[in-house]
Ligand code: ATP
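Only one chain is given next, in C-alpha cells, and it is the form predicted on its own.
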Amino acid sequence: MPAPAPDLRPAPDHHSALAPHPDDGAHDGPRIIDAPDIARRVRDENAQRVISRLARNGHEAYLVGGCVRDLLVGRRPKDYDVATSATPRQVRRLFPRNSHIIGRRFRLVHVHYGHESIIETATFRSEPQAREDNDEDLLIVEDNVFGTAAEDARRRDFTVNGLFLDPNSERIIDFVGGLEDLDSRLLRTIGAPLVRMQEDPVRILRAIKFATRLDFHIEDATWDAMCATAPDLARSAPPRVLEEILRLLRSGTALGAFRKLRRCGALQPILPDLDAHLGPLDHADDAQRERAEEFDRLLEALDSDVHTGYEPTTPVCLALLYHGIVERDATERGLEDSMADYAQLTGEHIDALCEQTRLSRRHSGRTRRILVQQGTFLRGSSRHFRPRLFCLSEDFPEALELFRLRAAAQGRGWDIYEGWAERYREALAMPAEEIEAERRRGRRRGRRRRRPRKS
C-alpha cells in the first residue's frame, strides 16, 4: 500500500524537510520549497544523468509531472520524465549515441540506457499558437511551441502534475498551486476546465485514472467540464484512447474507474458496444442491471489480482471487456453450442473494435482466440479432444487467465480452473518426444475423420 501523503504545508520549524525557500515570497512568482528528503527518494540514476548533462551545458532541466507527484504522495514512480529548456535537436546532440526524437503532435526525445530504461525528455512548451478569432474548435492537433518553465507548467493538464523537482538543488518549484491541491487531495485543471478538456478530451480519462488511483476528489468545475465534453472523446486519436483504457484496467482501481466513465458519459464514445451492453446508470432495465453487476464483479476480480502483482496483457484486457457482449449475443441468436458460429460472432465484435481503436492484428487475433477458447474449458472429454495439446496451444495461458477471473467473479467454476491449471503444469513437464507423439495421434485421427464414406 502507498505511504500516506505528506502534509505539504510549510511548517514553522526551520528543520522541516518541506520548509519554504527564502525565494518563496513574490505573489506572482512560483512557490519554491526545499525538499531534500523528496529529492533523495529519486532512485533513477539515468534520469539524474540526463538532468546533470543538460545543466552542465547551460540548460534548465527538472523532473516533472507524475514522478514528482508520486514521490510527494509516497508512491514509487514507474518512470521519470524530464522537462528542459533545450530543444529536441539540442538534446539529441548532447546524447548522440543513445537518443532519438519521436512524435509529430508533440516532439520529444527518448534517451535510452540499455534495453529497459528510457528517459522521456521534453522541451518546455508554451500555449499553442493563437487560433483565428472565429475558430471555436479548441482541439490541439500540434503542440510544438516552445516556451519557459513557467509557461510549460501552466499548459499542463492538472495542478498536481505541474510540479518541477530539481534533484541537484533539492527544491520543488510550483507555478500552479499543485502543492496545495496535493495536500487537499484535490484534482483540478490548470486554467479553465472546459477549455482544457476541449483542447484534449483524453484528459477526461486521465482525470479518472488519477482520481481513482490516488483517491483524490475531482473538483466540481472540472467534473462538470468532463461531463460536458465527454462526446468529444470520439474525435481523439484512437491509439491514445486505447492506451488510457488499458491503463485503467491495469490500475488496480478498474471498478471505480469504469463507474466514473459511465457516470460522466465517457464510456459511450470510446466503447459504445460495452456502454449499450451495460445500459444507463440510472435507467437500465433488469437485464442491463444484471449484466452491469456481472461486469462489476469481473472488474473487482481483476483489481484483486492486480493488487497481488498480476498485470493483464492487452488481449486479456480486451477479452474481459467483450466476453459478456459476445456471450449475450450468442445466447440471443442461439449460437452458443456451435463453436464455428461463436467464433464468427466473436470476429464481428473484435473487427468492429479494431476499426474503432486501430488495434493491431496480432492483438486482435489473440483476443478472438481467448474468447472462443472459454467454451473449451467446459468441454467434456471425448475421443477427439486432446486436453494436453490444448494446454500447449499458444494462447492457452491468457485464455486460462480470463477463465480464472470469470470463475472468481461468478463464484463458481474454481475447481474447473484448478483442474486445467494442473493439466497445464503437467503438459509443460511433458518430454518433447511425448508431445510429438500426442500430436501425431491427433493428426492421424484428424485424417480419419476427413476420409469420405464408401457408397
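Position 1 is the first residue in the sequence shown; the rest follow in order. It should be emphasised that the depicted structure is a prediction, and the values quoted were computed from it without experimental measurement.
Form predicted together with the ligand: not shown, discussed below.
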Worksheet, complete the sentence: Answer among 107-115, 168-176, 155-163, 293-301 for heavy atoms within 4.5 Å of the ligand in the model of the complex: the stretch 155-163
Worksheet entry | Selected contact from Glu60, Asp70, Asp395, Asp44, since only one has a non-hydrogen atom within 4.5 angstroms of the ligand in the model of the complex | Asp70
Worksheet item: Of Arg366, Arg250, Arg206, Arg259, which one comes within 4.5 Å of the ligand in the model of the complex, counting heavy atoms only?
Response: Arg206
Worksheet item: Should Gly66 be counted as a contact of the ligand in the model of the complex, where contact means heavy atoms within 4.5 Å?
Response: yes
Fill in: Non-hydrogen atom contact Arg93 with the ligand in the model of the complex at 4.5 angstroms
no
Worksheet item: Any of the heavy atoms of Arg89 lying within 4.5 Å of the ligand in the model of the complex?
Response: no
Worksheet item: Contact between Arg213 and the ligand in the model of the complex at 4.5 Å, heavy atoms?
Response: yes
Worksheet entry | Contacts with the ligand in the model of the complex - residues in 72-103 whose heavy atoms fall within 4.5 Å | Lys78, Asp81
